[in-house]
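In C-alpha cells, one chain follows: the form predicted alone.
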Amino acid sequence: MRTMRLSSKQKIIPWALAASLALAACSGDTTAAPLDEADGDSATGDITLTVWSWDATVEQSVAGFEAANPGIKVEVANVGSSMDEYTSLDNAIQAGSGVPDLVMFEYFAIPYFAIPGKLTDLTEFGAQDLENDYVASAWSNVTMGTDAVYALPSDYGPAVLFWNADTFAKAGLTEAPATWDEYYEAAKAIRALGGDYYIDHDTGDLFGLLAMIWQAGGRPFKVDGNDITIDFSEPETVKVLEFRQKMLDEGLLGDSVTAWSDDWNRALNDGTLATQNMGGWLTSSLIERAPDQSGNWRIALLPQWEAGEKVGAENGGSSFGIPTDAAHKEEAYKFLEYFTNGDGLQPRVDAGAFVPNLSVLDSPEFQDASNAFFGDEKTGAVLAEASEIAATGWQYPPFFEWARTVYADICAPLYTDHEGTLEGVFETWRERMVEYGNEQGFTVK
C-alpha cells in the first residue's frame, strides 16, 4: 500500500489553512497543555520521546510541541518504512529494550500488533472522543471490536481515478468514465489508438484491485481477534475479478509497464497511459513524473459499479500508535494528539500531508484548491469527497504484510506467461494465507 512519504517541499496541492480553521471541527481544545515534570531521562527531569516515522511532515510539529511542553523533547527517527520498521519494532519488543514511544503504521499493519497486545488501547487517554473529527473509513482503520482505539490516523489515501483528458480526447472521449462499464468502453476506444496506448497497465497491482473490491462491497477478510475468515467467493468480489479478467483477456490492459518504474514514468509523461486507479497521494508525484502532460491530467471519483451510486474506497494511508512497552505513554499521547489533531496538524498540512481530518477536508481553502497541472480544476473538492465517501467495514488479516509479498509470486505467471485466471490466483492466495495464518497461531478458515 502506497503511503505518503513526502518532504517539506512536496505538496499535494498548494493550500494554506489557518490554525483556527484546522481546529474548527475538533472536539474540545486539543492544544497540548504543559505537563508537570515527571521522572525523566535526565537530572533536569526532561523526558525525551522517541518517534519512529518515515513521514517527514511529523518533524514539522516538533518545535511547536516542545515550546508548549518545555519538559518534553521529541526525537523523530526514520528506521525504515513498512516491513523494515515493523521488524525493528518486533525485535525491540522481544529484546525488552529500545521500544519507541510512538510508531508509524500503515493501516493494514495495525491488527498484527494490536491483536497480540503489542499496542496500547488509546481509550485510556480519551481517544474515542476524536471519532467525529475524521472521515469514517479512516477511523474504522484504527479501531477494533466495539471500543478499542489502537492508533490515530495521520495520513490518508482515498482511491481516485487520475485520467488524461488529452489522451481521452484523441479517442473521442470528453469526460471521465462514471461507471466501470463506461471505463470498459473507454478502454476499447483508447486501445484503438494503437501503438502503446492503453487505459491502464496491469502487472499485478494488488491494492488497486482490492480498492475495486472494497468499493464494490466485497469484504473478503473478516477478523475477530484470533479468528480470521478469508473468502473470495462473495459475489461482489467475484464480479470485480471477472471484470478485470475480461479486460485482460481482451488485451485492453497493457502488461509491459510496472508502476514506479522508469517505463511507467515515460508512459505517464508521453500520454500513452491514460488513467491510474490510485490513492490521492499520487497528486504530487504525478506532477514530477509527467511534466510534459501539465494541464492534461484530471482527478475524478472512481467509476461506480452501479450508475448513480457514489461509493469510494481506500488505497493507502497511515497512523501512529503507542507500543504497550513504551516508557512515556501519557506524554506520547500528548504529542500524538498534537500532530494528528491539534495545533501541530497545520504545519504538517502546509508541508504536504494529506490528512483525513474533516476540519481540513471541509475547509474552503481545501475545497477551492486547484492546480494548473490538473487543468485548474478544483482538485481539493474531488479529493475531499473521495475521502468522505470511502466505504467502511473493510478489514485486513494481521499477517497482511506477509500476504501482499507472497501475492506477487502467486500472480506472476498470470501476467508474465498469461497462465491461469485472477480467480485462480486469489484461490491459491487464500490457501496460502490460511496455511500461513494457522502456522502463526491464528484460527483461519
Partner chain sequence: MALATEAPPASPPRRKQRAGFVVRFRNRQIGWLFIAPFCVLFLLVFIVPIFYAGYLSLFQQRMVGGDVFAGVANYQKLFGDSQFWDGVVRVALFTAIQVPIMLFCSMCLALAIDSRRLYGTKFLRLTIFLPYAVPAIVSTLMWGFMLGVRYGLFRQLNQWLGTDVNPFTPSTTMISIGVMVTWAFTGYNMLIFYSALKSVPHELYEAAAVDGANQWQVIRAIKFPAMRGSLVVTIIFSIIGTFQIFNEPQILPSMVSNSGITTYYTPNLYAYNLAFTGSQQGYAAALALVMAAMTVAIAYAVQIHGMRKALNG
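Please read all numbers here as calculations on a predicted model, not as lab measurements. Positions refer to the first chain, counted from 1.
Quick note: we don't show the form predicted in complex with its partner chain, though the next part is all about it.
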Legend entry - Option from 339 to 347, 297 to 305, 193 to 201, 137 to 145 whose residues, in the predicted complex, bring a heavy atom within 4.5 Å of its partner chain: 193 to 201
Inset, instruction - Answer yes if any heavy atom of residue 369 is within 4.5 Å of a heavy atom of its partner chain in the predicted complex; otherwise answer no. - result: no
Inset, instruction - Indicate whether its partner chain has at least one heavy atom within 4.5 Å of a heavy atom of residue 377 in the predicted complex. - result: no
Inset, instruction - Please check if residue 219 has a heavy atom lying within 4.5 Å of any heavy atom of its partner chain in the predicted complex. - result: no
Inset, instruction - Although its partner chain is absent from this view, report whether residue 247 comes within 4.5 Å of it in the predicted complex, heavy atoms only. - result: no
Inset, instruction - Find the only residue in 288, 262, 292, 309 having a heavy atom within 4.5 Å of its partner chain in the predicted complex. - result: 262
Legend entry - Listed residue (226, 128, 81, 229) with a non-hydrogen atom within 4.5 angstroms of its partner chain in the predicted complex: 226
Legend entry - its partner chain in the predicted complex: contacted by all of 399, 402 and 441, heavy atom 4.5 Å: yes
Inset, instruction - Give, in sequence order, every residue of 258 to 275 that has a heavy atom within 4.5 Å of its partner chain in the predicted complex, or say none if there are no such residues. - result: 258, 261, 262, 263, 266, 267, 270, 272
